[in-house]
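A single chain comes next, written as structure tokens; it is the form predicted alone.
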Amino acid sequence: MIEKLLERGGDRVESADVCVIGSGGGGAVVAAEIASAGRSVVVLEQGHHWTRADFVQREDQMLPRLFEEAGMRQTVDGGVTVLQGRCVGGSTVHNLCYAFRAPEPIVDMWREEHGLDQLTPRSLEPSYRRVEANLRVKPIREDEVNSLNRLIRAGTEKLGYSGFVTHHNREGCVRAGYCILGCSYDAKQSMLVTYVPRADRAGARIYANARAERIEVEGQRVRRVLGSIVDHSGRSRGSIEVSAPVVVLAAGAVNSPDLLLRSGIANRSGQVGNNLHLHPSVMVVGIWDEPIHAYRGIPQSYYIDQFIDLARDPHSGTVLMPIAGFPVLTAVNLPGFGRRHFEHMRDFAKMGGLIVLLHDRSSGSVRNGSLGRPEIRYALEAGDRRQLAEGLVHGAEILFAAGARRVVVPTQPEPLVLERGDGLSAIPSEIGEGDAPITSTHPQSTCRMGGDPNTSVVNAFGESHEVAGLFITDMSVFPTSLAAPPQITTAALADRTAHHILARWLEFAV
């Protein structure tokens, strides 16, 4: 049963074996696996239940529907925009479907530096296999590589750099290109069309418009979740209470620590809300002589890994990924004003870009702000600022090699415009907050897992070190930046946690 509580109104009191908070890449997996094993499950999702019929491919309508704070969630200083999903299916509804496992050097580093002895590629393998099968992960075919990705690939190979065509989780893709606004064709194998329906068929009660606001604990065991029925603006329209001996928190690396801090629990180590990594990214734009219509087809199919060597250094590096925007998002991210800005936008059909994504050492924090708007603080270290700048240089180099006649580096307040043949030394040697638009789509690590309860929040199975029956299954459990797109790893860790809960059920059913 998937129910939109906003349309029903009133208060709600429920009980279940397991209460799952969040229905994205972690929560939906846990709900489906545990409900399929015969346990009663209630899922609380603060966002609405939108479906393909609601995905109208318009930015002005879809950004408020699918994203926290209408896509404008930011750090307190406005330096980084943090894009997170707010709907049934979470961020998997708007992501671009890169399907990567966690790099083995990262897993090795987590095990060696964070005391996660049980976390190995071998122990994760069964979960990865199940998740990849359920999400229909497969290689992207050559005929599915769109014009922009083909050009980027040609430029990368011309320079002798390392890159490859990736895997994705789409089935029957019509290559419309509107992935970030929700798939109108149900081709994207998001949680909305895979694990959420599976949980529903298994008997889970899935409530949209249900915001968890407090987890109550008695005798160091979880007992219930209290919250509100909310409208699209987050205003309360009723209350909800769910009693359960197991609570699985999967609200994301911003909302999960916010809820724990509001509840005053699971923070003996003082680490809840700390260690925030963002995978911050900046963009460099190429403009070709002829239209390339980069916004058509699969947005991201190629991946450049030349500038990250995790076997040598698992703590830093950058990856480059093609990107094409829609008119509003492109206009917002291209600095400049008036006629100069108009001249760039006039070339929209000839435009395509590269994202420079940073495997960040820098860290920040999440603290309670107003309800529904946590305070996010983050500052780039000097080394990371330099790496972002180096990434822009490499991005410009690749775009020119790919045939772009002009490259725009969106520095602020005025963009840097380079013509073919120009040197790249004009690109700043550091990029920090305020120097260019910085975006994060992968906040992580704010409730990190580890073997030492004094320095971590949960263990290798996502289980709280101090509150029995409390688990966390979202990107907040990553001990460090993952250094790769996180969708599949988030789901695999959630699958592993679900099977751990089921194997030890008698310990929790009290």
Partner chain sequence: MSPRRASPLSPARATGSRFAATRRSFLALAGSTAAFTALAQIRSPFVLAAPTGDRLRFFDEREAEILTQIMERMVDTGCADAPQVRDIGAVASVDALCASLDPELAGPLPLLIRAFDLGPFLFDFRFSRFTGLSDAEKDESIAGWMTSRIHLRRVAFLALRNLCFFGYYSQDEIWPLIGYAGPLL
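This is a predicted model, so every value here is computed, not measured. Numbering follows the first chain given and starts at 1.
If you look for the form predicted in complex with the partner chain, you will not find it shown, but the lines that follow are about it.
- Residue-level contacts in the predicted bound form: of 346, 141, 201, 312, one residue has a heavy atom within 4.5 Å of the partner chain, and it is 346.
- Annotated contacts: 98, 302 and 480 are all free of the partner chain in the predicted bound form [non-hydrogen atom within 4.5 angstroms].
- Listed stretches are 406 to 414, 241 to 249, 378 to 386, 420 to 428; the contact stretch with the partner chain in the predicted bound form is 406 to 414, by a heavy atom cutoff of 4.5 Å.
- Taking the partner from the other structure, the partner chain in the predicted bound form has a heavy atom within 4.5 Å of a heavy atom of residue 327.
- Interface membership of residue 37, defined by any non-hydrogen atom within 4.5 Å of the partner chain in the predicted bound form, is ruled out.
- The partner chain is not drawn, but in the predicted bound form it has a heavy atom within 4.5 Å of residue 336.
- The partner chain is not drawn, but in the predicted bound form it has no heavy atom within 4.5 Å of residue 128.
- Of the residues in 42 to 65, those that come within 4.5 Å of the partner chain in the predicted bound form through at least one heavy atom are, in sequence order, 55, 56, 57, 58, 59, 60, 61, 63, 64, 65.
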